[in-house]
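The chain below stands alone, shown as structure tokens; this is the form predicted alone.
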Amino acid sequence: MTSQMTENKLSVIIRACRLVRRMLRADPEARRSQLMYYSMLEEYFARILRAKEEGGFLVGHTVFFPAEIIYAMGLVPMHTETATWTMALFTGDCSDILASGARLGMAQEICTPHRGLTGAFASGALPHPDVMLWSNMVCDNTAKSGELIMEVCHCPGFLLDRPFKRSQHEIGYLVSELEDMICFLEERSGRKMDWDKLSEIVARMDRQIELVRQINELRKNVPTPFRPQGFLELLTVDYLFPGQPEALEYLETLHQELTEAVREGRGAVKPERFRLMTFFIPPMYLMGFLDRMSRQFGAVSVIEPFFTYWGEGRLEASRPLESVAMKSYMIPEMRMYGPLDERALNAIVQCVDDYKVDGAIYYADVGCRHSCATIKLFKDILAEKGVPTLVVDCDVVDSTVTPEDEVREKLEQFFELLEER
């Protein structure tokens, strides 16, 4: 039975999506793709809310997990970290679930999306999944989260062991892991894998990746046509809707809108003054503020090397499971998985040149040891290219870590520095 707290939390997200869509419909300059995006979000969380009552099988999974398999089996996916981020985005305050996690012994140093997850499941702010799936991608917080969620939710789970390196041997190993996971899901859910459906999803996912690449090509234009924080839409669509028809419809619509904007010479901000590279996730509770600041100073994120800059390769519908494995090596974030090497460093340098980057903003989540370890290295590489970097110590979810006034002061000083160059 769905708890009252769960209904309240998920219903807040659903109502917020509806409110945003009403506001967008009243705005003559709003993009049609934005309406589609918030409609997708609303339905995604509504499915989670309805899953137990409608007899659905709810599958919790961590970030970078191949949700294509969950969709192909007709199960209901719940991306756990995104659920926490979305709570912070639409409520502005996750202190209750963070406090709940703290009462369970979750240390302050642990990444808040994962601390929040523990508290959310323990307090009923999120419905308990029927099974929990997780992997060792891309950090130690993610690798340990699944075990803890299994314990809190009293559900079975499966750890997908994805190798660090890429070779035929490692890809074959990952395929065998995926096969074992499918057997686990079939046994627990009573549903069989629909291999034809998985092939269709893989074909759509290939098109989805190609559309993001084409959108990034359009973002190279001066002025760039995509809104300042628009990359979060691309990230969310990748996380929540891999290979789904609604994702293709959204991306095709967005591509058409940006193509028209480029043809007409319309930029996302007027005038465009600063073209930015963005590292990692901004504080969700400050998204509205960050958008206003960007527009005020004519600043726009034109590329995100670890979110939207896909690696090379194509997916083959005729080999669906191998393609799911191959996709895990094409995901932008995979440049941060395993030993840091030229995959990450060359991508940064290439993006500076291709996107005419003026400055970079590094959102350093204080609970993310994995990403924060790269701050000096990335700053030094960008400095060699003549690109200054602003590091914003922050938290994706916890609004008490970095107040808005502090972020405002840092951004204003950074934009002044860029103006003087």
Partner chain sequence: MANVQDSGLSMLERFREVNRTFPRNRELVEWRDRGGKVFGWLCTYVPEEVIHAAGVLPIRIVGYSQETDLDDGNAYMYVNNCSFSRSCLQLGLRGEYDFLDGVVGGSTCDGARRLFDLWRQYVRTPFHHVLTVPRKYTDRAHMLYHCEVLEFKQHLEEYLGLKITEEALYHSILLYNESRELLRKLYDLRKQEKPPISGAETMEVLNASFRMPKEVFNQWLADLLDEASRSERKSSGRVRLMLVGSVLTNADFVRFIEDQGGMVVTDELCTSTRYWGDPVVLDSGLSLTEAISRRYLNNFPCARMFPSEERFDRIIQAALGFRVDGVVSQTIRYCVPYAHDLPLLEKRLRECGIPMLALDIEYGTSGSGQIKTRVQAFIEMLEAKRR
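Since the model is a prediction, treat every value here as computed from it, not as a measurement. Residue numbers count along the first chain shown, from 1.
Same protein, other form: the form predicted together with its partner chain, not shown, and the subject of what follows.
- Though its partner chain is absent from this view, in the predicted bound form it lies within 4.5 Å of a heavy atom of just one residue from 374, 39, 389, 33, which is 374.
- With the partner omitted from this view, the residue of 244, 221, 136, 294 that lies near its partner chain in the predicted bound form is 136 [heavy atom within 4.5 Å].
- For the marked spot (109, 336 and 340), a heavy atom within 4.5 Å of its partner chain in the predicted bound form is present in each of the three residues.
- Residue contact check for residue 86: none of its heavy atoms lie within 4.5 Å of its partner chain in the predicted bound form.
- Looking at residue 176, you'd find a heavy atom of it within 4.5 angstroms of its partner chain in the predicted bound form.
- Although the partner is absent here, residue 145 sits close enough that one of its heavy atoms falls within 4.5 Å of its partner chain in the predicted bound form.
- Remark: residue 229 does not count among the residues lining its partner chain in the predicted bound form, judged by a heavy atom distance of 4.5 Å or less.
- Here the chain stands by itself, but in the predicted bound form one stretch of 255 to 263, 176 to 184, 318 to 326, 210 to 218, 176 to 184, has heavy atoms within 4.5 Å of its partner chain.
- Contact residues in stretch 394 to 420 (any heavy atom within 4.5 Å of its partner chain, taken in the predicted bound form) are absent; none meets the cut-off.
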